[in-house]
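The chain below stands alone and is given in structure tokens; this is the form predicted on its own.
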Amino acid sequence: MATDPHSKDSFNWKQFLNSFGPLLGLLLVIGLFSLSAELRPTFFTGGNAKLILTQTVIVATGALGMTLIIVSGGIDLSAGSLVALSSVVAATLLLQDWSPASALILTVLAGGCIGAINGTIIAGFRMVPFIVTLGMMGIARGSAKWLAGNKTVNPEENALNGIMEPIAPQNLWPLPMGVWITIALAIVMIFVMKYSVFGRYVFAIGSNEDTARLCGIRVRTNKIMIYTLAGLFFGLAGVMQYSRLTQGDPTVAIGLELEIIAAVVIGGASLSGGSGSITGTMLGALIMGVLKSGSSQMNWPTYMQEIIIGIVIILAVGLDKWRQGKQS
């Protein structure tokens, strides 16, 4: 049987972009900043690498959960508000003399509960994820301000403060514990998405929800599980946020959900669902971190950084649409 060479070439090109696109993007961003002779002496140092990795932890942790949601064909706009709420919950529990371990577990579980509420409303009532999570964004942000009394919550020094504490900031090693936690969770999620039945269900639901239902997949149950697991990651990102600031602040992480979504999309995931990878998401989060670090060192104003990130998001979505067109 004769094969269509155009179909073969299209498949290979799509596979190449899926596999190496995020890595090439990261190398391109690093290469652009390396063109500046003034920036090179400070940009390519162990201390700056540690700073980038530390700043990437919160976005990367949240992006692990967002990858599940986007691959399944959903979206969650409440991620940033949930991170802020979780940071306030952790600080409040510590202020009430809960042990750091208990505060960590309860905060992560609180994030999972809110994720479960999102998933139950979306799956149970078949409501649009955009609308449900947009509403939850306001609810979570308002709850954070109410719980904190519209001010920061400042517990005493405790073990959670050390998760994101940079030791020897001028050197790459040792890395903060939060970086290692994120790397470990990313490795676990790679195996979950690639080799577990649940991971295959996530891709199947995102590719075609009706077909997945006809194949016997419990779409509603799995959607609730997806949003619950994502909520756990957002809760953990809130703990990281608390550890970085050593306080619970209800006003932080405004717009963080856009950075998290951008990391997933830049990493190769399709907003239409059905495709994406944890490795690509982590590279996407690193691209965001490098962009922020380089922009800050170049003394570019904040609005310029926001414009650049917005352009990168549009280019990533455009590339995804072009890639889908090549596939079809």
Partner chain sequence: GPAAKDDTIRIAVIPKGTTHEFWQSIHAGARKAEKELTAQGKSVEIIWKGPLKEDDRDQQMGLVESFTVKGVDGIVLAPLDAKALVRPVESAQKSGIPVVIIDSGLETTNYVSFVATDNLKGGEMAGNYMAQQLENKGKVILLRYAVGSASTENRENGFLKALAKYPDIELISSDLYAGPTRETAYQNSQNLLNRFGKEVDAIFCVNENSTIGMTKALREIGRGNGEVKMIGFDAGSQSIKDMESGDVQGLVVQDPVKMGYEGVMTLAAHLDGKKVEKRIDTGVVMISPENLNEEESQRLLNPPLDEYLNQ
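Here, rigid core means the biggest group of C-alpha atoms that superpose within 1.5 Å across both forms. Numbering follows the first chain given and starts at 1. Being a predicted model, the structure only gives us computed values, none of them experimental.
FYI, the form predicted together with the partner chain isn't displayed, but the following is about it.
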Give a yes or no for residue 172: in the predicted complex, does one of its heavy atoms lie within 4.5 Å of a heavy atom belonging to the partner chain? no
Residue 164: heavy atom within 4.5 Å of the partner chain in the predicted complex? yes
Touches the partner chain in the predicted complex: residue 34 (any heavy atom, 4.5 Å): no
Does residue 243 make contact with the partner chain in the predicted complex, using a 4.5 Å heavy atom cut-off? yes
Looking at 178, 73, 80, 155 here, can you tell me which has any non-hydrogen atom within 4.5 angstroms of the partner chain in the predicted complex? 155
Tell me, which of 120, 228, 92, 247 has a heavy atom within 4.5 angstroms of the partner chain in the predicted complex? 247
Only one of these stretches, 228 to 236, 145 to 153, 84 to 92, 98 to 106, has heavy atoms within 4.5 Å of the partner chain in the predicted complex; which one is it? 145 to 153
Does any residue in 283 to 309 get within 4.5 Å of the partner chain in the predicted complex, counting heavy atoms only, and if so which ones? 295, 296, 297, 299, 300, 302, 305, 306
Can we say the CA of residue 301 moves by at least 2 Å between this form and the one not shown when the core is superposed? yes
